[in-house]
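Take a look at this one chain, the form predicted on its own, written out in structure tokens.
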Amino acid sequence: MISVEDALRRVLALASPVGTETVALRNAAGRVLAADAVARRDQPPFAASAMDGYAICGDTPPAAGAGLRILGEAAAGRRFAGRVGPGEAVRILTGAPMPEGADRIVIQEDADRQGDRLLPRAWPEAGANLRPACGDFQAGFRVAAPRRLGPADVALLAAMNLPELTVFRRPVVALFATGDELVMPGEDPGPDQIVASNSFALKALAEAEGAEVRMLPIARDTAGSLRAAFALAEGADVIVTSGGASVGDHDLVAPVAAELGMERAFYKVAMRPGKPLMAGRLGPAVMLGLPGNPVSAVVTAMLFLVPLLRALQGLPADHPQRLRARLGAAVGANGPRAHYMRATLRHAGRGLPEIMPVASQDSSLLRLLAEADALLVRPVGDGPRPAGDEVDYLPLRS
């Protein structure tokens, strides 16, 4: 068996970024930028009012009762064509370009209007209540690649006047579960069968990382059925199997994959759950053979499939970031495999949250996985720990 860290290094060594494509900005959310995006214009392209009020100029307010002559109005998308001089003002609305000569805004709450005369009750400083030209960014500003684009990024790129972007192609993931005991949700299981769940969890994880997923039919425990499943996976960047990766009489994924030319990178990892994990290259595709137990499949996908998909899209790839918590109860010594224990978190005021392992760590119990907030990480050979000790965990919820 190899360590979790060594296994991840070997998985990532199989990865090279997929190709790129051009997409419309409206379709860019969630995609990974593959080339720097360069602003085509300044933002704002002109000095603009940040408030409803009056554009004025100069440091000297008018004499008491004299007021300012209102020349006209400026609105968003419609500037005032003239110039503002001493003793003059222009009614201005939020977002409107500043009139020539004006250098500050008196907000409407600080002024009284009498016909075409304005009587300021307060005289603002130069630059007050306006947004300067280029205050956000200038033409030539860059958003550096690689970067996964969220809603705020898309808004920024729109303001940069970029209708299209170069992004990494979505990695195509073909996944299938194996086993005579499995049926799909909605079918009527036989007396010795269970409902398949792994593929649905793996599909959700992969799509959350930007992949395009092809969920293939269940492969039965025969070499012919597995060959047919691998044939359906042709063209994928990543092939993910769940189940059939151990050494039982009906665990045929490894021999069939080898028969089809898989170059194995490793088999078996010193971790719980998830020991019977396999990785390699099958033609142009990276292959991950995940365990069949549901919790094992999800945990190994978090630790290996997610970083792999990030690497394929040009992003920095590593284990998910670990956070810190305090044990809510004592735990015994850990053995020779890293243990990723389902746990719940409790936040009580400031400081680190409290983490409690769930009662059972049986890797077949999906209910406890769904109820868990975190995976408590126990390193290899970690000694017994009392309540209150600081430990690492991986969050399961955002």
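Everything numeric here is computed off the predicted structure, so don't read it as measured data. Residue numbers run from 1 along the displayed sequence.
This protein has a second form, the form predicted together with a small molecule, left out of what is shown; the following refers to that one.
- Glu181 is the sole member of Glu209, Asp103, Glu88, Glu181 with a non-hydrogen atom lying within 4.5 angstroms of the small molecule in the model of the complex.
- Taking Gly244, Pro99, Pro171, Gly274 one by one, only a single residue has any non-hydrogen atom within 4.5 Å of the small molecule in the model of the complex, and it is Gly244.
- With the small molecule omitted here, the record of contacts in the model of the complex names 288-296 of 73-81, 135-143, 104-112, 288-296, defined by a heavy atom within 4.5 Å.
- In the model of the complex, at least one heavy atom of Ala196 sits within 4.5 Å of the small molecule.
- In the model of the complex, at least one heavy atom of Asp251 sits within 4.5 Å of a heavy atom of the small molecule.
- Put simply, Ala177 is close to the small molecule in the model of the complex: some heavy atom of it is within 4.5 Å.
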